[in-house]
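Only one chain is included here, represented as C-alpha cells and corresponding to the form predicted on its own.
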C-alpha cells in the first residue's frame, strides 16, 4: 500500500498544532488593538467643520463661557449648538468681511443653520443626558478633555461603554463642586477621592449598583 503522507507531514502537523493557538491569540489581540485605536475611536483626530471654529481662541483666549454657545447643557439631554445669530453677536462687529466666516454670513442671510459635523456621536441605543451630569458635578473636561486648548475640536476620550462604566463605578474621582463644572482649569485643593465622596453625598449620587445598571444608559 502506498504511503499516504510524506515524511514531512508530521512536522507540518506539529507546526499547525503549535501555531494555531498563537495565531488565534494574535488575531484577538490585533482586533482588540484596532477597536481601541484612533482609527476606530477617532480619539485625537481633528474633525473638519464648515467653519474652522477654535475653542482655544474663543474659550482660552477670549474667556467665553461654555454656556454662551451650548445654552441647553444645564437643562437638556443635548448641550445644544449655537444658532448663527449667536456667532454674529460678535462677528457683526469684528471680522465682518473675513473670508473664513463667509459660511457664517451666508447662513444668517439665508436663514439656514450651519451644518456642523458631530464630534461626539453616541450610538442610537445609548441614552445620555448632559443636564444630570452637570447638576451632579461632572465637569466638561471629564468627557471633552481640555477643549479650551483645541484649535480644532477632536474627541479626547473613547466614550465607549467601558470608559463610561469606569466613571460610574468611581464617581468620586470625577466629581467637583457645581460652581466649578464649567471651569476647565479647576483642580481639587486636596484629595480628590475624599472630596468626591463628600460631593457624592451632597449631590445625592445613587448607589454604584444603580448607576451601573444596564437600564441607566440603555432604555
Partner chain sequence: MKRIGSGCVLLLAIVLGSGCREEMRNDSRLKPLQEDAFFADRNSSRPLVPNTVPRGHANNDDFFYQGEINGKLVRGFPSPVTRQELERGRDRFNIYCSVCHGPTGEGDGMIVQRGFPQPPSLHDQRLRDAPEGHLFHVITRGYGVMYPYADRVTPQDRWAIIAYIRVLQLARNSTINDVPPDQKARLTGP
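Fair warning: this is a prediction, and the values are worked out from it, not measured in the lab. Positions refer to the first chain, counted from 1.
From this point on, the text means the form predicted in complex with the partner chain, which you will not see here.
By the 4.5 Å heavy atom rule, the three marked residues 61, 78 and 122 all count as contacting the partner chain in the predicted bound form. Mapping the unseen interface onto this chain, residue 132 falls outside it, with no heavy atom inside 4.5 Å of the partner chain in the predicted bound form. The partner chain in the predicted bound form is approached by residue 68, whose closest heavy atom lies within 4.5 angstroms of it. Under a 4.5 angstroms non-hydrogen atom cutoff, the partner chain in the predicted bound form has residue 57 among its neighbouring residues.
With a 4.5 Å cutoff on heavy atoms, residue 74 counts as touching the partner chain in the predicted bound form.
This chain is drawn without the partner chain; in the predicted bound form, the residue among 101, 108, 147, 138 with a heavy atom within 4.5 Å of it is 108. Taking a 4.5 Å heavy atom cutoff to the partner chain in the predicted bound form, none of the residues in 10-25 make contact.
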